[in-house]
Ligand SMILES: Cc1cc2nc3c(=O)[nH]c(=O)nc-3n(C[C@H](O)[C@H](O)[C@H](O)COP(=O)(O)OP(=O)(O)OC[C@H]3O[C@@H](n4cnc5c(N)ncnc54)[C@H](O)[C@@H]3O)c2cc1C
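Next comes just one chain, in C-alpha cells: the form predicted alone.
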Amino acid sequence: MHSARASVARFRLSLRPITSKSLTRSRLPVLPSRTLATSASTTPSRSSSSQLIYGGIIGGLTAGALSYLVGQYNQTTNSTVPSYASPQELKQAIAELQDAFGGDKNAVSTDPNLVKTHGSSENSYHPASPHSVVVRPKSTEDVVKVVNIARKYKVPLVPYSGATSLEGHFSGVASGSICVDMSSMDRIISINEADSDLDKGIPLFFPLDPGPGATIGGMIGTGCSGTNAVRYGTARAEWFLNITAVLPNGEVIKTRSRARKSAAGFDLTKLFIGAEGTLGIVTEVTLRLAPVLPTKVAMAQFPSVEHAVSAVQEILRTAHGSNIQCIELLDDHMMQAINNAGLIDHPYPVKDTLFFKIQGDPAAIEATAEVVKSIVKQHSSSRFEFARTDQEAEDLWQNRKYALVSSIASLPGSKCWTTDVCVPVSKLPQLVYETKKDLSEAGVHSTIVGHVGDGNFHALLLFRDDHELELVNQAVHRLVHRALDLEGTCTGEHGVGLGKKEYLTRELGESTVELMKTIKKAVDPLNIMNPGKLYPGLGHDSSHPKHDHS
C-alpha cells in the first residue's frame, strides 16, 4: 500500500466535485497532473494523506466565537423577527456595492433573470424568492466589503456556489437579499510539497464525492459525504484541516493552523461544517487528500432490496470490510429507468442491484472479492461479476450518476423531488422495505439509490401535477418520521435548509436546537447570514409546508 505525508495546496475557488477524475482533467491546473491523476482502476487509501489549501471556496458557512456560552445559553432565543433594510436602504446598499466594485456590471448585477435563477432551483420545491442583487467577489477582501455594506444596511446575505442544493439553501429573502456568488474564487493559493511525497508521483484525490456540480464550500456548508463515505467518512472527518471565513461583523478568522492535528481550543473548523452559510462566508480552506489505490468494480443482483441490504451488513462485518471503498444500491425501478433512458450501451437485468468498489493490492482485492461473492450468494444473489476492463469499470460506476436524469425520463412530463435520510445500518433493511411499501400503496412513482454501506439512501419521487406533488410531499414527511423512529436522521448529506427544519427539534431535542440558536445569535446578532435556513423558529422563518397525518 502506498503511503504519503500531508501536502497542502491553497485555493480560492468554488470547485466542481474534487474527484480523482476531475483532478486528472486539469480543473486544478497548478498541480502537476501526474501527482493527482488516477484511473478507473485506482482509488485512495485512508491511511495517508496530503493537503490542499483552497481559498475562496464557496459556501458561506459557519464561523464562530464560542465565547457566546458565558451567560448566553440561558437566555431565550425566541426573539422577534429582525428588521431588515427598507426599499430605500436596499437601493443605497446596492449603490454602495456598485461603487465598491468600481462599477463592474459583471461583479454587481441586478439583472432580473440572474437574481431569480440565483434565488431558486428547479430541483427544490420549498419557498423561494429572487435576490435583489448578485455580487461576485474575487478575494477575501471583496467578501469583507460585501459583508460590511450588508450589515450597515441590515441586508440579508445568501452565499451561492454550485447551486446543487435540494433543500432551498440559497433561496432569496422576500424583503430583499444580497446573493454572494463565489464562483470567481477558484484559485489555488499554494501547494505544500514539502509535506508529502509528491515528487514520487503518488496520485492523490479528495475522498468526498457528492453529486455532480457540488463545490467545496457547499460540501462544508451541508456536511456532505457521498459514495466514498463507507471507507473515508464524511465532511465531519478530518478532510478540512482549517478554513478562513468572514464573520457577520466583517472580521476575518482562520480556524486553526495547518498542522495535521491540534489540541488548541475549540475545533472551530467543525463549527462551520453543516452550518449552511448561517455563521459566515468561507473564503479559504485547507484540504487533506488521500493517496490512490488500485480498485476493482463489481455488481451483484438480488430478488429484493432487503436481501441486498442484509448482504451489505454481513460484508462490512468481515475482516475484509475495510477493503470496501463504496457500496451503492440501485433498486429495480432505478435499473429499469437507466435502461429506458438510453444512456448506456448494454442494458442491465431489472433487479435490485449493488455496485461495489473494492480497493487494495491485487491479493487484497482477490481475497475480498471471494468473501463478497460468497456472502451475496448466501443472500440469494443471482448474479455477481467484475468489470472486465478499466473502461467498463468507469462506465459501470458512471451509470450510477445518471440516477436523476434517468428517473425523470422514466415518467414523461414529470419533475423529481429528491430527499435523503440515514439510519443505523442495522435498521436499513426495515426502512427500505417499509418505504417501498408505503410509496407503492400511495401510488407515488419512485426510484431509490443509496450509499447503503453507511445507512444512507435517497428517494427520487416523481410527480406531474399539484395533486401528485402533495402525495410526494406527504410521502417525504412519512419517510423522515420513519427514519427518526429508527434512531436515524432527517438528512444524511443534503442538509437542512428550508426543507428539513421542521424535523430538527424532534431529532436533536429542544435544548440542542436552542444551543444552536444561541451560537447563531452570538455570532450573527443581526441575523443577516442566510436567514430562515437551518434553525426552526428563528426570525424570518420561511416555514416548510406542514402536514396533517392523524
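Throughout, we count residues from 1 along the sequence that is shown. Just so you know, these numbers come straight off a predicted model, no measurement behind them.
One more form of this protein, predicted together with this ligand, exists but is not displayed; see below.
- Shown here without its ligand, the chain is overlaid with this ligand as it sits in the predicted bound form; three or more ligand atoms lie within 2.4 Å of backbone or C-beta atoms, and the site is blocked.
- Put simply, of G119, P291, G226, G176 only one has a heavy atom within 4.5 Å of this ligand in the predicted bound form, and it is G226.
- Residues of just one listed stretch (152-160, 293-301, 312-320, 439-447) have heavy atoms within 4.5 Å of this ligand in the predicted bound form: 152-160.
- When contacts are judged by a 4.5 Å heavy atom cut-off, V421 does not count as touching this ligand in the predicted bound form.
- Interface residue remark: T286 is not counted as part of the site for this ligand in the predicted bound form, having no heavy atom within 4.5 Å.
- Looking at L114, you'd find every heavy atom of it more than 4.5 angstroms from this ligand in the predicted bound form.
- Not displayed here, this ligand is approached by G277 to within 4.5 Å at the level of heavy atoms in the predicted bound form.
- In the predicted bound form, E493, H494 are the residues of 479-514 with at least one heavy atom within 4.5 Å of this ligand, listed from first to last.
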